[in-house]
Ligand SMILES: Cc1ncc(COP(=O)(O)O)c(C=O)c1O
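This document opens with one chain alone, in structure tokens, the form predicted alone.
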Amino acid sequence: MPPDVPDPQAPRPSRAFLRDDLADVEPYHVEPHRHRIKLDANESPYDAPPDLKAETAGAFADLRWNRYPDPRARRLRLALADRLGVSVGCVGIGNGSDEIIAGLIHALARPDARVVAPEPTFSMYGILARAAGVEYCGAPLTPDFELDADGLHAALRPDGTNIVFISYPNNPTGACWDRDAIANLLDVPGVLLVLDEAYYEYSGMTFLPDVDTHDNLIVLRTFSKAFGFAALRIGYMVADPDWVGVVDRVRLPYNVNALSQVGALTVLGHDDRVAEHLRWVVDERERVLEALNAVEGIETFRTDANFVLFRAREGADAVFTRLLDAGVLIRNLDRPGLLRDCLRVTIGTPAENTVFLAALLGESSAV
């Protein structure tokens, strides 16, 4: 057994200290499959070009490594505020969006609080709610993965506070849902609406302008997807400054390291590179969708993101195994319920996508 995996038969001294409600929670785990093409994590297929990396490295080398990073990431916040047309007080920076999500839940973990999200969706909403000891309620989507507005409202706690997380576009299903159905939540008493726009650059659809008129709205964005900076872990929130202050109450000091800060500042100065990569991914998304729709036994679902969710009549496990045998790693989402026999493929480079499609059809190809 690998050294980092606890022996299930060994005594567990932590059980005497662990909260009872966390006893059955499994750590987030990524299966280390062998592969030559990685299309499983919704990452950008394009690494930062060498000159951008050199510029980032140079800026980092000029810093004092013996000093803590700027605890408020003020230069990055100013750059984002200018880019988005908001005041700097409306911007908060996190070590990935996950940290901001966790901070919000922990800060608002009152006895009457409930975290609500449509399901299936990004798993961390429920995981982080449980970690904070907050009640979580998932509201199922319709069979074709559309938002069930009535079901979502029914999941709200009528006598308490509700933190509603909506992934827009949704992960893993891919689509941006009806805007009015989502916006109606802003008028419900006791609701804080958090729009997780991790894939905004691919969809072009946003609730950001509504932040000015609704103090119960928070928009989350990230550098991990379209910007291709997943390794540096930078996420940010845009909201009324009071909400930024709420997260600051529980945020760890110096939470965003200096390399990540200068890297994000550097890539913001290269909009042309980011836009070029975006065009390539969106063009390939349409090509992959068209090709999948032509395959008998494959059902695709509409997407506004950089991935495609599809259902395989022959079974998700069989498709996943065939692709893995060809060196192509995608995400197997098969589970009872709405995601039965479903898989998710991230849009890669043209060459990678060609290999994926060939492997799906059982053909040979090379990259």
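When you see a residue number, it is the position in the sequence shown, counting from 1. Note that the coordinates shown come from a computational prediction; the quantities given were computed from them, not determined experimentally.
Another form, the form predicted in complex with the named molecule, is not on view; read the next lines as being about it.
> Out of Tyr199, Trp177, Phe227, Trp243, which one falls within 4.5 Å of the named molecule in the predicted complex, going by heavy atoms?
Replying inline: Exactly one listed residue reaches within 4.5 Å, namely Tyr199.
> From the list Glu146, Glu119, Glu284, Asp98, which entry has a heavy atom within 4.5 Å of the named molecule in the predicted complex?
Replying inline: None of the other options qualify; the answer is Asp98.
> Counting only heavy atoms and a 4.5 Å cut-off, does the named molecule in the predicted complex sit next to every one of Arg302, Thr346 and Asn353?
Replying inline: Not a single residue of the candidate spot has a heavy atom within 4.5 Å of the named molecule in the predicted complex.
>> Using a 4.5 Å heavy atom cut-off, which of 180-188, 90-98, 150-158, 255-263 contacts the named molecule in the predicted complex?
In response: Checking each option against the 4.5 Å cut-off leaves 90-98.
>> Is Asn162 part of the interface with the named molecule in the predicted complex - any heavy atom within 4.5 Å?
In response: Asn162: no contact with the named molecule in the predicted complex.
> Is there a heavy atom of Ser203 lying 4.5 Å or less from a heavy atom of the named molecule in the predicted complex?
Replying inline: Output for Ser203 is no: heavy atoms all beyond 4.5 Å of the named molecule.
>> Using a 4.5 angstroms cut-off on non-hydrogen atoms, would Asn171 count as touching the named molecule in the predicted complex?
In response: Yes, Asn171 lies within 4.5 Å of the named molecule in the predicted complex.
>> Can you tell me whether Arg233 touches the named molecule? I mean in the predicted complex, with a 4.5 angstroms heavy atom cut-off.
In response: Yes, Arg233 lies within 4.5 Å of the named molecule in the predicted complex.
>> Going through 125-145, which residues have a heavy atom within 4.5 Å of the named molecule in the predicted complex? Please give them in sequence order.
In response: Only a single residue, Tyr125, comes within 4.5 Å of the partner.
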